[in-house]
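Next up: a single chain in structure tokens, the form predicted alone.
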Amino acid sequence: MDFENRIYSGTLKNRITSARDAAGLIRDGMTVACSGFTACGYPKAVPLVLADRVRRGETIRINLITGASVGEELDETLASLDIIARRYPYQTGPIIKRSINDGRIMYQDIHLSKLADQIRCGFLGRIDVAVIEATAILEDGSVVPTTSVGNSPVFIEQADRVIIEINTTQPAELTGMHDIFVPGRYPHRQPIPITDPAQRVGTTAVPCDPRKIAAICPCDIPDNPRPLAVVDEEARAIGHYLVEFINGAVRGRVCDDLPIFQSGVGTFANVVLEEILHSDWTDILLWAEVIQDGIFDLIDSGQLAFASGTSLTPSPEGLKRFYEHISRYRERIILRPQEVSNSSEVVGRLGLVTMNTAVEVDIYGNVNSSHLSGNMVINGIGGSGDFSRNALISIFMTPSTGREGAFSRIVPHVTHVDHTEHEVHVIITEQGVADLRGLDPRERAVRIIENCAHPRYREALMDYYSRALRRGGHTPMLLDEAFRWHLNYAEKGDMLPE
């Protein structure tokens, strides 16, 4: 279907323009909100034109808000030209990460479920322009998203003007995959009426006042998803321990059979899904923020009943596979706004078992998932806090070491706390499982060291803990010793498990 045939409103066809003219609506000092959640569903043509204007000598600095991280045409290209002054709520990529850590970009790391309400309440100021990638525009002006929903509904609702990029590389068959439910305003907000991941409670398109649409432009640039890293035996071992833990401690014990699962993003999380593929589990339900390659595998095997998320986040090969078999996959997948997919209310109601990755874990169960050595941001907390704080059982996974054993990811004290010991129930490394439920901090320390630390570092960790015990306290801690531990063992490189 060509570009103009995707605009079903005759009155809006007079807003058709080029990406260059559409980008002209964005001026220096504006706050711009863009669709996208991970490297899918984000605008591409308008940001590239904006970058070209700066290359030609124009001065443009904007505040950029998205759903989560986005593709290179947006985050990396604009960051490389110092176009981004402020960034919310999450990012990933070497160029933008360097700019944030160097202080050229001001960045606030925000729980992904909370951003929509912060925008509605004016915490981040007014949104001047929203740039939204779409599959189509319906007769009433409603916008059909592409491969992610993210924060697009609140961006369209709150922006002064809206630019729509209709991406003709995105299949028209995406229409109908979305379920757009927008919570009401405080203090009269009603419950989100979802009790099952397959349940639909909203519309298939994002409501939009047609008067707000200032420009509609074509885009023929496909999504540019990130490849998955090479799978290693550590990740497979962690996946194996996870399946064993669910079978032995959760299945048929805390729920009738299998719980509803949430799985985080990235290669590491995808390997865990692959290990589930080798289990005897059936009728699996997933309530998460991202849909990865492993979900397609579980659909093909007949093990997955349904998956709900806010974004498709496959590898390049996975995205091609999705497009080729979209009629099958769309029957098992719903994409929702991230304030719904990550909602604490829904997470708590569904009783999720959540599975997320850690950069480092301390012996008491505190988790760092976003910073290196306490001060260098890697990406952000993302949605892991939304899920872990409200989960029935919150699981964090990490290899026990990094850089082929150069440093331990199990440490006396994490250098940055994203998830406190109060919301971390289980730690899994390739060494084993530490079930922390019901344990005193001193019992947690012993279990984490014995079950999860690499043998190379186990003795040093136990020595530290033994000396901390002599100081006493509910959570024995030697802060000066913990600091020296990081000086001795922490790698200066990127610690994030892929």
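One rule holds for the numbers: they count along the sequence shown, beginning at 1. Owing to the predicted nature of the structure, the values given are computational and were not obtained by experimental measurement.
Only in words, not in the display: the form predicted together with a further copy of the same chain, which the text now covers.
Of the candidates 234, 275, 157, 421, 421 is the one whose heavy atoms come within 4.5 Å of a further copy of the same chain in the model of the complex; the others do not. Checking 76, 297, 179, 109 for any heavy atom within 4.5 Å of a further copy of the same chain in the model of the complex turns up a single hit: 109.
In the model of the complex, a further copy of the same chain lies within 4.5 Å of some heavy atom of residue 190. Contact check for residue 185: a non-hydrogen atom falls within 4.5 Å of a further copy of the same chain in the model of the complex.
Although the partner is absent here, residue 442 is a contact residue: one of its heavy atoms lies within 4.5 angstroms of a further copy of the same chain in the model of the complex.
Interface membership of residue 409, defined by any non-hydrogen atom within 4.5 Å of a further copy of the same chain in the model of the complex, is ruled out. Looking at a further copy of the same chain in the model of the complex, residues 124, 196 and 349 each place a heavy atom within 4.5 Å of it. Only one of 65-73, 32-40, 52-60, 467-475 places residue heavy atoms within 4.5 angstroms of a further copy of the same chain in the model of the complex, namely 467-475. Contacts to a further copy of the same chain in the model of the complex (heavy atom within 4.5 Å) from stretch 383-414: 385, 386, 389, 390, 391, 392, 393, 413.
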